[in-house]
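The form predicted alone is given below as one chain in C-alpha cells.
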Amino acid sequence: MGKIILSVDDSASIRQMVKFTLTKEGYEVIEASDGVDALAKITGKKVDMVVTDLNMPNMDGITLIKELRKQAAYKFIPIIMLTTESQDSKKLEGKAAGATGWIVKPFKPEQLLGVVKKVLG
C-alpha cells in the first residue's frame, strides 16, 4: 500500500488534479473540501503528508495546520501549502503555523510530484 496523502482544497478541480497526479504514482489520496472536513476525515487515521490550500470556507489552511500540529499523530508529518497566495507575509504565517513547504498555483503536476517525493523520500 502506498503512502497516504490528505488533499485539502475547496476547489473540486484542484482536488481532482492532485488526486490524479498522486494516485498515478502509487500514493493513496484522501480528499477534503476544507479544514473542518479534513479533521473529520483523518481522525484516528494514519496520514503521511498533507497538501492544503490556504483560503477555504469554514477553516482555512493556516488554522488547519495549527490544529494538526496540536495532535501527536500529525505533529511532525510534512504539510505543504498549495495556494494562489505568494506574498512573503503569508508564507511566513504558514511557516510559523508549521507548514513544511509552499507551492504557488497554478502548478504543474511534475512540480507537485517533485515536492512530494522530496519530502516523503
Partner chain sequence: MSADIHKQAFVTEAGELLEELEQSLMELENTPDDSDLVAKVFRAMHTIKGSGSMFGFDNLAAFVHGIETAYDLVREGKLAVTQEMIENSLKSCDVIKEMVADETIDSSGGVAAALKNFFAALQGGGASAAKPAEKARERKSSLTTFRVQFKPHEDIFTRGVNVQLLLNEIAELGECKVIAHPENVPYLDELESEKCYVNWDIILTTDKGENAIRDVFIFVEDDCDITITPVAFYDGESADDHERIGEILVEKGDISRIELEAILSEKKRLGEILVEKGAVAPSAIDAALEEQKHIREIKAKKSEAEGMTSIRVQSDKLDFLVDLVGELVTVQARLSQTAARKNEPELLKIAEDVERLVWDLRDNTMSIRMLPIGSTFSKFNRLVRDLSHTLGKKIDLVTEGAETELDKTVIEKLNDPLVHLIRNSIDHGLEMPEERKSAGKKETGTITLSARHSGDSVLIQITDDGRGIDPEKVRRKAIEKGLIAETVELTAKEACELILAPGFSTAEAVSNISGRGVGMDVVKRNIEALKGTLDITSEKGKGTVISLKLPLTLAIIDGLLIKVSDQFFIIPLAVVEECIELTPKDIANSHGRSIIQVRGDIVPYIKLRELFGIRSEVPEIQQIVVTEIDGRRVGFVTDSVIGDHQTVIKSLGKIFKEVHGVSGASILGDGSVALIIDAVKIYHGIE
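Fair warning: this is a prediction, and the values are worked out from it, not measured in the lab. Positions refer to the first chain, counted from 1.
Absent from the display: the form predicted in complex with its partner chain. The rest refers to it.
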Q. Would Leu22 show up as a contact with its partner chain in the predicted bound form if we use heavy atoms at 4.5 Å?
A. no
Q | Thr43 within 4.5 Å of its partner chain in the predicted bound form, heavy atoms | A | no
**Q.** Contact label in the predicted bound form: Ile80 to its partner chain, heavy atom within 4.5 Å
**A.** yes
**Q.** Contact flag, Ile14 vs its partner chain in the predicted bound form, heavy atom cut 4.5 Å
**A.** yes
**Q.** Stretch 36-57 - residues with a heavy atom within 4.5 Å of its partner chain in the predicted bound form
**A.** Asn55, Met56, Pro57
